[in-house]
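Here's a solo chain for you in C-alpha cells, the form predicted alone.
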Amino acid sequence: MEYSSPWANRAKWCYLLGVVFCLMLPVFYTIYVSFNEFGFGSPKYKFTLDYYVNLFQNEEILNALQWTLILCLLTVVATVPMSLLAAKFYKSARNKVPFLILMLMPLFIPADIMAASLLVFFKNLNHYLNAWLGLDWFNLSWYTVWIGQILWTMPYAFVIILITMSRYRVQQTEAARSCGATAWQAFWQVEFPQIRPGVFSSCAFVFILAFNEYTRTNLLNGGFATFTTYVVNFMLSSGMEPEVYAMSAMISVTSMVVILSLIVYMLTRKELRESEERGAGTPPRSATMAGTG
C-alpha cells in the first residue's frame, strides 16, 4: 500500500482510530453510564452530575485520592531516576543479557504472588529488625506500598528510557568530555535533551501504573486506602452502585488526560523545535536521522 498518498494516509489513521475506539469502548460506556441518574441497565437516561458531586463531598474518597496522588508522585520521583541510572549502566555493561533479565524479572511474576511474597518478606524483616535492633521500619504502611510500587513500575520505566537511549550516540558524550565538559554537564546538556521524551514518557507511565495498581497496594497498605483500593472494596461490599461507575470513570479519565497531555506536549515541542531549525536554516533532526540511517 502506498502511504504517501493522502487517501492512504487517511485510511491508515481511520483504521488506527477505529482500533483504539473498539478497545476503549467499554471505558467510554462506563463514563457514559456514570452520568445517568437512573444507573446501569435502566431504559431511561437522564444526565446528572450528582454522583460526581457526592464523590468530592465524601471525606473517605478525598483522603484516598490524596494518598494516591502522594504515592504516585513519590513513586515517580524514586523510580524514574533509578530507571535512568539502570539504563545508563545497561548501555555500558559488557554482559547485557543477565542484567536485562534481572531488570525485567518482576514483569514475569504474577501480581498476587509478588504481593504475597512482599507481604511475607516485610513482615519477617520487620520482626527481625524489631527483635534485634528495636526498629519498626518495615511495618505495613505507605512506605511498604511505596517499595512495592517501585518494584512494579521500574521495569516499565527502564524499557521506555532504554528505547529512547538506543538512538543516542555515545560519541557525543565523548566529544563533550574532550571539550572540557564534566560528566554531569555532558549528560545534562548533551544527552538529556535527546532522551527527554523517554524520561517524560516514563514519568507519565509510572504515574498511571501507580494510580491504577490494586493488588500490591491492597496487601501492603497497612490500613490506609488509595483511590483504587477504595473503589474495589466499595464495589465488593456495596455492589455496582452508581457511585462505582463515577469512581471508575474518574480513574479512566485521569489516565487518559495524563497520556493525552504528554502526547500534546511532545508534539508541540517537536513542532517548535523543527520550526526553530527551519528558521535557523538547518535541516530538521528527523530528516538528519533518516539520512544517516
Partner chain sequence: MMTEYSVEVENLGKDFGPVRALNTVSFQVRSGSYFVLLGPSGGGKTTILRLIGGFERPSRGHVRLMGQDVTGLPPNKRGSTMVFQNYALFPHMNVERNVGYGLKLRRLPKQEIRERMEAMLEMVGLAGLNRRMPNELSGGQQQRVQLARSLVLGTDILLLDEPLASLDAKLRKEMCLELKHIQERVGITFLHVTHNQEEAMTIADRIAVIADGDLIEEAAPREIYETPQTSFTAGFIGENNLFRGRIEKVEADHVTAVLSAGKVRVPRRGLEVSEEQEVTVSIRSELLTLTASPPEGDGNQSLPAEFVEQVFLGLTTNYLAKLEDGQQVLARGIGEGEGESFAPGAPLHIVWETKDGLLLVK
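Numbering follows the first chain given and starts at 1. Predicted, not measured: the structure shown is a model, and the values here were computed from it.
Omitted from view is the form predicted in complex with its partner chain, to which the following refers.
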{"property": "Distance check, Arg169 to its partner chain in the predicted complex, heavy atom within 4.5 Å", "result": "yes"}
{"property": "Proximity of Glu271 to its partner chain in the predicted complex, heavy atoms at 4.5 Å", "result": "no"}
{"property": "Non-hydrogen atom contact Asp136 with its partner chain in the predicted complex at 4.5 angstroms", "result": "no"}
{"property": "Distance check, Asn218 to its partner chain in the predicted complex, heavy atom within 4.5 Å", "result": "no"}
{"property": "Its partner chain: the contacting residue among Ala175, Leu104, Leu151, Ala93 in the predicted complex [heavy atom, 4.5 Å]", "result": "Ala175"}
{"property": "Listed residue (Ser141, Gln194, Asn126, Asn212) with a non-hydrogen atom within 4.5 angstroms of its partner chain in the predicted complex", "result": "Gln194"}
{"property": "Its partner chain in the predicted complex reached by all of Asn63, Gln66 and Leu71, non-hydrogen atom within 4.5 Å", "result": "no"}
{"property": "Candidate stretches 155 to 163, 176 to 184, 202 to 210, 126 to 134, one within 4.5 Å of its partner chain in the predicted complex by heavy atom", "result": "176 to 184"}
